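One chain comes next, on its own, written out as structure tokens in the form predicted alone.
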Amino acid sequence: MPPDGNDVLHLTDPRTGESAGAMPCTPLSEVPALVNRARAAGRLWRARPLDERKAAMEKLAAAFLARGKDIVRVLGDEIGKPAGEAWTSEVVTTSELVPAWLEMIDDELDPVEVPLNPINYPMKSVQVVPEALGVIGLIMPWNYPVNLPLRTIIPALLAGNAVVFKPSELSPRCGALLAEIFAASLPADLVVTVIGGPEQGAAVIEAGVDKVIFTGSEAGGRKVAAHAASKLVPSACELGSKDAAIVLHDCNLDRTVAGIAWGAFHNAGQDCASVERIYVDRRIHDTFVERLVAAASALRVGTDLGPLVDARALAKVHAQVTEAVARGARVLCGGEPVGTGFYYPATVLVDVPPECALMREETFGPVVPVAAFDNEDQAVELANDSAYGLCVSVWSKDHARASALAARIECGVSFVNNCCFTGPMGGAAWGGRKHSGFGATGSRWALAGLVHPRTVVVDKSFQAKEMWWYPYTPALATMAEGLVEIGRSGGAKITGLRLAVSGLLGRWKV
């Protein structure tokens, strides 16, 4: 629930709908001092050699894995994540994240030499050196409250930054557990945790961090980006999605059904990478739907499917289903809340009109509509008919054909015969297009957003003056004209050389 007067978060167990206690918020008045403490710790941190920072990340990874059972327990208690999903999507993925970054960070932080023409720039060298931005403000969601922050915190720290981390108000205990691990493994104040709601997130931006990274809803991202822009603070926003799966007639049907069922229903559909629309070749549409309904009906609520995070999420999901049915859609399985708490069963619909919210807006729940297409051009048109552009998956035995079709979809990540799983990878870029946001997580493209490129020039020339310095003379113009003629495609090389030498001699005399 939202904070009560910015003082307390009232928590609810989504498995039962009952109160789960309260947690104090970080006072807004303390946020500027916390950012300043992180900045001071960051200055000391980035002065340490990269090897020392890498060793600290190894220590952090070991401490994280040692608390694996605690992490899984808190994930279950706070957001209802089933144990199998908590281990695989939050702990195992993070155990792979640190080694991936340790493997590539040296190369990514190496200075880049700028090639120079030795005639025009004698005795000079130019490098572009990546250096830490300073303090990264991290405003994170509740659906993967452990892995999502760590996939930015790890490269940010390796690059020499400090971090101010604001976990979601729906998963503050997961944030507090991470804060415990940071405090035991890292220098004091290098990662500072701020507990609270949107007001605390706004306070982090207002306190003057050097970049804001936000993951969450489109509406939240618009507010964060606007606030950051008003402070001239750069931002990166990973927002909503309405990811499509395209099923071609020659797919491996068993694998396709199993993969899309997982893609649509894992984490109770509360994943920006979830499959939220399925387009199937009409030749196999009915068979595919029959098998998907069987797979969805077999999922066990509470074991395979956790609850939605709160009552508002449950109401939103059910409202989309209700609207679709009112407009003529048919529910083939699921379609009604079940049990105590905020559980919703795996739900499959057909005949959903394209103007329905279920086809156009992010659902963020275990509900998926299926529609038929007649040819690949129509499938591409349907998949691209969305305000969002995060992921697409194409399912076919013809890998080249599927890859070519996926490349026509306006999105940031495309899959052939799989879906959803690359987000936590250190080496793979994760990010969307259109209303799915901007910026990247993972890979060198993410690291580029966590550093500032400083150009470093060293001149060992013994000359008193450079050729292009004052005074400006006719000889300078002659030399420059000759150099341009030499370098121009189709230029008169002999004439250019004569002009350049003549001008150069004239400049030397001056």
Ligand code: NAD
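Everything numeric in this text was worked out from a predicted model, so none of it was measured. Sequential numbering from 1, following the sequence displayed.
Keep in mind that the form predicted together with this ligand is not shown, yet the notes after this line are about it.
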From 163, 224, 280, 174: within 4.5 Å of this ligand in the predicted bound form by heavy atoms is 224
Between 139, 209, 79, 349, only one gets a heavy atom within 4.5 angstroms of this ligand in the predicted bound form; which residue is that? 139
Test of understanding: in the predicted bound form, would residue 344 fall inside 4.5 Å of this ligand by heavy atoms? no
Classify residue 430 as contacting or not contacting this ligand in the predicted bound form by the rule of any non-hydrogen atom within 4.5 angstroms, answering yes or no. yes
Could you confirm whether residue 198 comes within 4.5 Å of this ligand in the predicted bound form, counting heavy atoms only? yes
Looking in the predicted bound form, any heavy atom of residue 386 within 4.5 Å of this ligand? no
Which is the contacting stretch out of 165 to 173, 287 to 295, 245 to 253, 351 to 359, given heavy atoms within 4.5 Å of this ligand in the predicted bound form? 165 to 173
For 247 to 272: residues with a non-hydrogen atom within 4.5 angstroms of this ligand in the predicted bound form? 272
